[in-house]
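Only one chain is given next, in structure tokens, and it is the form predicted alone.
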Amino acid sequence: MSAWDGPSYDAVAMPQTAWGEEIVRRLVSELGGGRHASAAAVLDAGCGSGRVTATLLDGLPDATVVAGDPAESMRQQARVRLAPYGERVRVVDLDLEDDAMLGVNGGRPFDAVLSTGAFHWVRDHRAMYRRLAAVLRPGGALVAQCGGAGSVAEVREILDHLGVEWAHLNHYPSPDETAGWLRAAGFRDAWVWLTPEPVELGGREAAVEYLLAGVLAPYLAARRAAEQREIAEAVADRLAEPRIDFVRLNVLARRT
């Protein structure tokens, strides 16, 4: 995850922002709306450059938010974007694969956890959901979306042909396995489903820039810049159309 470049990602993340705004609306509804929802303490788990966090803060005008991400460049970008919200938001180093995240709020539980576009970068989802349950109050809501089974399948097939390793960095789960992990972690009233979200990229050059800053960034981080661009161009040239076929896994659940 340290491969992410905050400004570059921020420049191409419009689709992810739009999906995130819908997840924020779900969270507000799940909290019941009104005064109680506004005053909630929320963890944004995988805040990226802070675009969706800003929507969350606007949608819950009295809420406090801890916005966490493991990539320093993302956190820097988020701090700039979220500065106008003052003490209502705190941007922190947060790794969903590390038990250190359990102390992110000084032992105080959250009313809700929001996450958009982060979970598919975590390998051990069973342990991740256990950690998320541990930071929620009883009855607290988990409202999330990430890459799901079948997401970016064409890109992954092209990477296989090019000899670029990706599988050790990703897990794109199915609804059934996710529901099992949620139950094992102590969540109830869990709904999990997939939605296709294709992103049209408007031509080869736009596809190259989107691939470099988004989909391919962690896979290519250890390579020289020229090689990164060469691989992104090869992927863009092999796409059937200038489109990325994302599949999103949606999660709604409450802690027992």
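Sequential numbering from 1, following the sequence displayed. Since this is a predicted model, take the numbers as computed values, not measurements.
Another form, the form predicted together with a small molecule, is not on view; read the next lines as being about it.
Chemist: Even though the small molecule is not shown here, does it sit in the predicted complex so that 148, 152 and 217 each have a heavy atom within 4.5 Å?
Modeler: Not one of the three qualifies.
Chemist: Out of 136, 122, 159, 179, which one falls within 4.5 Å of the small molecule in the predicted complex, going by heavy atoms?
Modeler: In short, 122.
Chemist: Using heavy atoms only and a 4.5 Å cut-off, determine which of 144, 71, 91, 112 is in contact with the small molecule in the predicted complex.
Modeler: Selected residue: 71.
Chemist: Please check if residue 140 has a heavy atom lying within 4.5 Å of any heavy atom of the small molecule in the predicted complex.
Modeler: Residue-level check for residue 140: no, no contact with the small molecule.
Chemist: Report whether the minimum heavy atom distance between residue 52 and the small molecule in the predicted complex is within 4.5 Å.
Modeler: Yes.
Chemist: Should residue 47 be counted as a contact of the small molecule in the predicted complex, where contact means heavy atoms within 4.5 Å?
Modeler: Yes, residue 47 sits close enough to the small molecule in the predicted complex that at least one of its heavy atoms falls within 4.5 Å.
Chemist: Does the small molecule get within 4.5 angstroms of any non-hydrogen atom of residue 118 in the predicted complex?
Modeler: Residue 118 belongs to the contact set for the small molecule.
Chemist: Any idea which of 96-104, 179-187, 77-85, 159-167 reaches within 4.5 Å of the small molecule in the predicted complex, heavy atoms considered?
Modeler: Checking each option against the 4.5 Å cut-off leaves 96-104.
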